[in-house]
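One chain is shown next in C-alpha cells, namely the form predicted on its own.
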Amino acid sequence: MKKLLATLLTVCMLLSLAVFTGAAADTQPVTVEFWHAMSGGLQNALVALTDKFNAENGLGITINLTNQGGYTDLSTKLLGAIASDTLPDMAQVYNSWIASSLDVVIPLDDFIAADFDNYEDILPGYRAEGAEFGPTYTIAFNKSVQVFFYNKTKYDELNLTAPTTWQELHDVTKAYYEATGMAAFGYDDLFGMFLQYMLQNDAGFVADGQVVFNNEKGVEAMTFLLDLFANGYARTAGEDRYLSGPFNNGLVGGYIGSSAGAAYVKPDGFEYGAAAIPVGVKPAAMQAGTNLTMFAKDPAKQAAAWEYIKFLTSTESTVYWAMNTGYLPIRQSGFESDEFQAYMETSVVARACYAQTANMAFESAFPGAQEIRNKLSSEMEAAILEGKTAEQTITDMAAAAQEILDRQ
C-alpha cells in the first residue's frame, strides 16, 4: 500500500511539473536519452544506478544511456547537436560547454522549487556553480576537489606536517628541499594553480568581460608562486603530464591534484598522506567535474528526466556513486551518512575532501573561458621555465586573457 501511495504521489508530481512547464502531462511510458562520457568502472557504476532507476521508478520511465566517448568527444557532439537541433534529452556537461548556448538549456529552478528533496543539502559550491548564469541550468554530478598529497613517511622522518597556510607551505617545502635535495611541491594543473592563488589572495579573475587580476594582490600571489619554483622547492609535471608518477617514485615530496586522481597514487616504498590544501587570505579549494543538464523540449520528457536527476542526486545514490568511483558525495547528508563516515575511516583522501566542503570554489564559465585556460596554462609554464618576474607574468597573462575576451 505504501509503495502504491508513493507511486500515485509521484504521478501527481509529474502532472504538476507538466502544468508549470506549459503543457498537459503525458503519462505514457517515456524514454529519456542521456549522453555521458563515463568509461570503465565509472560507467559500470552509472549503469548500475540507471538499471536500478529503470527497474524501480514505477512510472514507465526508461533512461537510455549513450556513451559518447571521452569529454572532448562528448563536448564536440553536443556542439554539433546544438547546431543541428538534435540534442539529447539530458547530458553530462561542464558549464563552459553551454555558456554560449543557454537558449537551448532548460532552467531547473521551477523543478527544484516544486519537487526536490532539500536543495540546500547540496554543497554550497556546487549550488553556486549550477546558478552561475543566473537561473540554475545544471546540478552537480561527478565532482572532485583539489587535495594536498604528500610523502608521509618522509614528512614524519623530517618532523614535518602538512602545510595549512601559504607561509607553512613555504617553510615545509624549503625544509624538505634542503633535507633531500628534491622538489617538495607541484601542481597537476598550472591554470588551476594560478586561479586558486588569485582567488585565495582576493585578486579576482574575470568579471563582466574584463580581466581583474592585474593588480597588486595578483602580483603578490604570483610572486609567492614563482619563488617556490625559482628556489627549487617546486617543480612542474613536465613531460610526465601528472605529478602522481614522480610522486610515486619519490621525485617530489608532495603535490596538489584532484581527489579523483587518488587511484593513481601508488607510492613505491612509502606511505602517503592527504590533506586540505593550504589557504591564503581566504580559502578556495578548486572543485572540478561535470554536471547534469536538461535539453528536452517535450514536457513529458522533462518530467521524466527530472525524476532521474532527483534519483541520481539523492543521498543514497550520491553515496553509492562516491564509494564506487572515487568522486565525492554532492550532498552534505551524503558525507555525514553512516556509510560514508565509515568509508572515510579507511580513506585519508575522503577525509581531506570532507574538511573542505565549505571552502570549494569553481572555475567560472563564460565565452572564451576554455581558450583562456589553455593560453594561461602555457603562460604560467613559460613564466616558470624562463624565470619571468611576477609583474611581467601578470601583465602578459592579463593582456593575453583580455585579447581573448575582446574577441567574444
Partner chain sequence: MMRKRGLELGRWKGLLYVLPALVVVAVFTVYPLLRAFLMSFYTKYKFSTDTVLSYGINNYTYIFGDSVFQKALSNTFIYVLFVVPISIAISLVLAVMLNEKIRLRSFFQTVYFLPYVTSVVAMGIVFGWLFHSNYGLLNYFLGLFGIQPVQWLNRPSTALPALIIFSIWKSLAFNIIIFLAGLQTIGAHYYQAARVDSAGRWRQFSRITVPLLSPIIAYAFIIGLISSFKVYAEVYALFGGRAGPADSCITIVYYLYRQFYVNWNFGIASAAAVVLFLIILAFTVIQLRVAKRRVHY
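Numbering follows the first chain given and starts at 1. Please read these numbers as outputs of a predicted model, since none were measured by experiment.
We do not show the form predicted in complex with the partner chain, though everything after this point is about it.
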- Message: For the partner chain, considered in the predicted bound form: do all three of Ala37, Ala48 and Gln402 come within 4.5 Å of it, counting heavy atoms only?
- Response: no
- Of these, 376-384, 345-353, 55-63, 29-37, which stretch puts a heavy atom within 4.5 angstroms of the partner chain in the predicted bound form? 376-384
- Query: Would Glu363 sit within 4.5 Å of the partner chain in the predicted bound form, counting heavy atoms only?
  - Reply: no
- Item | in the predicted bound form, Thr161 touching the partner chain (heavy atom, 4.5 Å) | no
- Message: With a cut-off of 4.5 Å between heavy atoms, is Trp306 one of the residues that contacts the partner chain in the predicted bound form?
- Response: no
- Query: in the predicted bound form, does Asp338 have a heavy atom within 4.5 Å of the partner chain?
  - Reply: no
- the partner chain: the contacting residue among Tyr126, Trp97, Trp321, Tyr150 in the predicted bound form [heavy atom, 4.5 Å]: Trp97
- Contact residue in the predicted bound form, chosen from Asn231, Thr223, Thr180, Asn249 - any heavy atom within 4.5 Å of the partner chain: Asn249
- Item | Contacts with the partner chain in the predicted bound form - residues in 217-249 whose heavy atoms fall within 4.5 Å | Gly238, Glu239, Asp240, Arg241, Asn249
